[in-house]
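In structure tokens, one chain follows: the form predicted on its own.
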Amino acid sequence: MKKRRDIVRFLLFIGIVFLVNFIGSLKFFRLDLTAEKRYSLSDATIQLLESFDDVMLVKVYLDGDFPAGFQRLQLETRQMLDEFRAYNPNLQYSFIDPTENASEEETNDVFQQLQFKGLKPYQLSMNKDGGSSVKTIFPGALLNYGESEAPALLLQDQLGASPESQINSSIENLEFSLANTIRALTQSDKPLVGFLQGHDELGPREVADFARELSNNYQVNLFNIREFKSDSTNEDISIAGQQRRLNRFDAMVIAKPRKAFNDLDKYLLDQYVMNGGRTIWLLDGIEASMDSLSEKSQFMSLPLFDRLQLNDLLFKYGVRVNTDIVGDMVAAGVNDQRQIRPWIYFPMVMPQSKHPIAKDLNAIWLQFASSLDTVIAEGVKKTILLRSSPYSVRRASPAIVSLADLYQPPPRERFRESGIPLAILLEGKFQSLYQNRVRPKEGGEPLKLKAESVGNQMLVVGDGDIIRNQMNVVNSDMPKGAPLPLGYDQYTGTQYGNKDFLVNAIDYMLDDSGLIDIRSRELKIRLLDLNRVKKQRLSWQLVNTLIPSLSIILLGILNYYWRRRKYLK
């Protein structure tokens, strides 16, 4: 009888196990018990992972002997990829040590290939066996899907940040870095981003690196607003046709214009905004250039923005560009061939905003920037993304810019202003500039007007050089005149975060999946208190050693007396 009952219980147990597994196969779910939902992917990432059905191979170059911080980055990367794979088993990954090669020459070849493919080398100082050494690592991954390959940088550059803080922000950014690269590989329908031409804006070579970076996720093209194309059927030239061609673009970058916008230009851009086109205005308030200092020791910076005739348009949208020059004691350096000196007219902006466009970015490099002001515009939200440091000053133009300021910076007392706005994001429903104004005519009739936009966004920056990449003149291993990475200053060897800032802005405006919102997520990195560990080490060692042993002994004694009492009866 007892034997039969045991068999029934066993079969019942097996049945329950099969039933639970069957239900589990029908409905996938995971439980994340951490307070900040550390192991929960965003809906945008899950949707992205479920969008591809072919094998994606991820090669992570983070294997080897690392200090504790990089071991944590390695572990978090592995856990993140495990999470990714839980939603799509087609994602396969491997960790590779790029220094494990038969010879040093082979290792150098591997390093060159990784750099060519877009990964950045990082010089890691290591202390071992009483000595120190420097090891080159590539904290990144190469993702392969079909015949395409794209890099994902896992370590964020942050000037002035401690290595620990750098690792923490990199861990927070892991999901976005990997998911954004997967998006670049799997996205088939890419939005169209344009670079406006017609007012002496920056040319293709000057924005080449930014355009190349954008081309991973977007289609990129130039658009000259002054060039009208004739209709293919009746060869007529029409303003309405030009408006339709402009409206094809999902976003338009206006990079450092230097000639005036006429009324028709402004009408076309205004109606482009009213119809939902995103815009990035990178505008100089004054006319100033380092080239002017190559021939003489000083020059006069003159107002430029008023000449562009964009005051009324941007004022209507809620922002004003001032014709001043911002000086900042927290400044990028200039190499005078003897040493690198801070140049107060090159503000080095450390983003403090928690907005996904600017959060945890490297310092932004501005050159002869002008301040911005917000003005009342009903229904428009303004978010200041970049501000000057607490040691800054505004100088009205015309103003003399002198090399003497490089060698004898003005006294600290002159830099009394703090947080001068330098980049502002506008969001909301914009009102048309031509709502109560005379509109351009075509065929004797005023052109059609849309008086209010749908929900829209635009970014205004008080510096056009934020998007301009340098041309190589220093590196003999590259052709002279080749475009360098945006934000890289070849004379000081410093990489700034200009490219990430602008790419994030485009992603924020055009990515409807919500992937960019992951950047605003914060993870609490719970580090050990080393002083407390040192003081309480022995106590916790005893607790961890004795309590489990005593517990087992106690359970053994209780079990002995329970069995003795039961079977003696």
Partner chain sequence: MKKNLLYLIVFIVLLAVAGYLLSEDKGNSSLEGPQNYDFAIKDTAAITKIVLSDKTPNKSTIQRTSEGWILDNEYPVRRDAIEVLMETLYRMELKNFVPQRMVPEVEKHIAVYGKRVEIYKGDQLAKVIYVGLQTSNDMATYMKLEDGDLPYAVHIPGFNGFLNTRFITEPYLWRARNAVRINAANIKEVEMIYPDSLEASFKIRVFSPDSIYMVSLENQEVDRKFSTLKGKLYLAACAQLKYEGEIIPSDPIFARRDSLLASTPVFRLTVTSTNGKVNKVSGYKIKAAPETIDYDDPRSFYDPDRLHGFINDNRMILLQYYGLRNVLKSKEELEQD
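These numbers come from a predicted model, not from an experiment. Residue numbers count along the first chain shown, from 1.
The form predicted in complex with its partner chain exists for this protein as well; it is not shown, and the discussion that follows is about that form.
Asks: Does residue 68 make contact with its partner chain in the model of the complex, using a 4.5 Å heavy atom cut-off?
Replies: Close contact is absent here: in the model of the complex, residue 68 is far from its partner chain, nothing within 4.5 Å, heavy atoms only.
Asks: Verify the contact flag for residue 87: yes if a non-hydrogen atom of it lies within 4.5 Å of a non-hydrogen atom of its partner chain in the model of the complex, no if not.
Replies: No, residue 87 stays farther than 4.5 Å from its partner chain in the model of the complex.
Asks: Does residue 261 reach its partner chain in the model of the complex, with heavy atoms at most 4.5 Å apart?
Replies: Outside the cut-off, so no.
Asks: Residue-level contact is defined here as any heavy atom of the residue lying within 4.5 Å of its partner chain in the model of the complex; does residue 109 satisfy this criterion?
Replies: Judged by the heavy-atom cut-off of 4.5 Å, residue 109 is in contact with its partner chain in the model of the complex.
Asks: Do heavy atoms from each of 78, 91 and 146 fall within 4.5 Å of its partner chain in the model of the complex?
Replies: Affirmative, all three are within 4.5 Å.
Asks: Among 539 to 547, 509 to 517, 496 to 504, 49 to 57, which stretch sits within 4.5 Å of its partner chain in the model of the complex, heavy atoms only?
Replies: This holds for exactly one stretch, 49 to 57.
Asks: Of the residues 488, 95, 315, 391, which one places a heavy atom within 4.5 Å of its partner chain in the model of the complex?
Replies: Only one option qualifies, and that one is 95.
Asks: Which residue, 230, 418, 162, 113, is the contact with its partner chain in the model of the complex, using a 4.5 Å heavy atom cutoff?
Replies: The residue in contact is 113.
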